[in-house]
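Okay, here we've got a single chain as structure tokens, the form predicted on its own, with questions on binding and movement later.
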């Protein structure tokens, strides 16, 4: 079996691979949380929140693919399995059942805040060992912060 060899030192690869894997888990879970709320949101702002959640799901899925492919390019096997996501995510448990639009937006604001905080830690950790991965984390964080702002503005 062919194994991709990283140009990074073993120590740098360990740091970067942990950051990439953590980002992958958070982004997969963010997409799942947003989709779960998308299916269950109710209230006067249903349609706008429902559509905004779909945008977030698409963004999180695109970013998770970028992160997983970066890991693969460095010779690290990405792990987005459900069990791995369940134990490694930094997002709190999503409420069950119907969620009124204000609570739905707050749940997403909280989830985005958690992911953004962890992404900023990855930006700091990856700068020295791998500026390429750091750049990916910066781009993802910028997008998530924009989404965070837009959801917060929805709740006033």
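Positions refer to the first chain, counted from 1. Remember, predicted model here, so these are calculated numbers, not experimental data.
Omitted here: the form predicted in complex with a further copy of the same chain. The next part is about that form.
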Check your understanding: Quick one: does residue 94 come within 4.5 Å of a further copy of the same chain in the predicted bound form, counting heavy atoms only?
Key -> yes
Review point. With the cut-off set at 4.5 Å between non-hydrogen atoms, does residue 145 touch a further copy of the same chain in the predicted bound form?
Key: yes
Check your understanding: Can any non-hydrogen atom of residue 132 be found within 4.5 angstroms of a further copy of the same chain in the predicted bound form?
Key -> yes
Exercise for review: Would you check, heavy atoms only and a 4.5 Å threshold, whether residue 41 touches a further copy of the same chain in the predicted bound form?
Suggested key: yes
Exercise for review: For the heavy atom contacts within 4.5 Å of a further copy of the same chain in the predicted bound form, list the residues of 14-48 involved, in sequence order.
Suggested key: 24, 28, 29, 32, 35, 36, 38, 39, 40, 41, 42, 43, 44, 45, 46, 47, 48
